[in-house]
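This document starts with one chain, in the form predicted alone, laid out as structure tokens.
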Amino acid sequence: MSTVNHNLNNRPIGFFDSGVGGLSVYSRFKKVLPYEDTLYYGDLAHLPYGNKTKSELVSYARNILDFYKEKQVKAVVIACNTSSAQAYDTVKDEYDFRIYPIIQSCARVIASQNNKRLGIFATLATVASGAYTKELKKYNPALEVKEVACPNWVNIVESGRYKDESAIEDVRVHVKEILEFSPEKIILGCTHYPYLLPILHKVAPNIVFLDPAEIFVDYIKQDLQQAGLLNTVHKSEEHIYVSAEPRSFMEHSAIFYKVEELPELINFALL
């Protein structure tokens, strides 16, 4: 009979993203696993990640993971598609806790579904990496995939320009491009993009859009259960950190998750 390491079980789980977008994953996680202690790091000093180099993204990820190592986490959730695409493979074996990357985790689940053609909307860096296509084909080599970069969509969401005609036209252009591929489903490969679903449903009413946050959190829960790592104490604490602009983070987070207290400023460049 295996023994449960309660000390390890009750350690926190860390999350990180370049800004507030990862809170869409974090918010769902808090609903599905309300008793877990959580930490969230928003790297606003380096926002946006979508136009950074691979070496820069690896450096940012290492700084955050080192910080979480000091916090004695039991797992870290990379709630950022760009970091999952560009940094995860480099850093995944450097730490002794579980690391959950959103792209690789979701691709494993989505590839097992009965699909033949999938479209993906993502940031420039994620598309440039080809990570979604690579991971999906790893589990289903026959799958046909088309990735389309949507560089303006993060700004549309964060500025709340949902009714702006130029924003709607920007969405329409990318949808038209991907529909020429005739995908059965389209993955929203950036944590911000599900907030554009009202526009997406309007311009492409017959398409099924997949929100990776839902798939991702279910995957994490199942893995923690199987590993016997769920928190055994029925109370939870959260701490939120940012590398810059805590007040701005708090204001912009409202569309994703209600942040109750001003985040703590932790900038590794200044340490």
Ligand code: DGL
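Everything quoted here is computed from the prediction, not taken from an experiment. Residue numbers run from 1 along the displayed sequence.
The same protein has a further form, the form predicted together with this ligand, not shown here; the description that follows concerns it.
Asker: Please run the contact check for C190 against this ligand in the model of the complex: heavy atoms, 4.5 angstroms, yes or no?
Answerer: Judged by the heavy-atom cut-off of 4.5 Å, C190 is in contact with this ligand in the model of the complex.
Asker: Indicate whether Y49 is a 4.5 Å heavy atom neighbour of this ligand in the model of the complex.
Answerer: The answer is yes: Y49 has a heavy atom within 4.5 Å of this ligand.
Asker: Please check if V154 has a heavy atom lying within 4.5 Å of any heavy atom of this ligand in the model of the complex.
Answerer: Result yes; V154 sits at the interface with this ligand in the model of the complex.
Asker: Taking any heavy atom pair closer than or equal to 4.5 Å as contact, tell me whether T123 reaches this ligand in the model of the complex.
Answerer: Flag for T123 set to yes.
Asker: Could you tell me which of 141-149, 190-198, 167-175, 105-113 sits within 4.5 Å of this ligand in the model of the complex, going by non-hydrogen atoms?
Answerer: After filtering at 4.5 Å, what remains is 190-198.
Asker: Residue by residue through 205-228, which ones have a non-hydrogen atom no more than 4.5 angstroms from this ligand in the model of the complex?
Answerer: Counting only heavy atoms within 4.5 Å of this ligand in the model of the complex, no residue of 205-228 makes contact.
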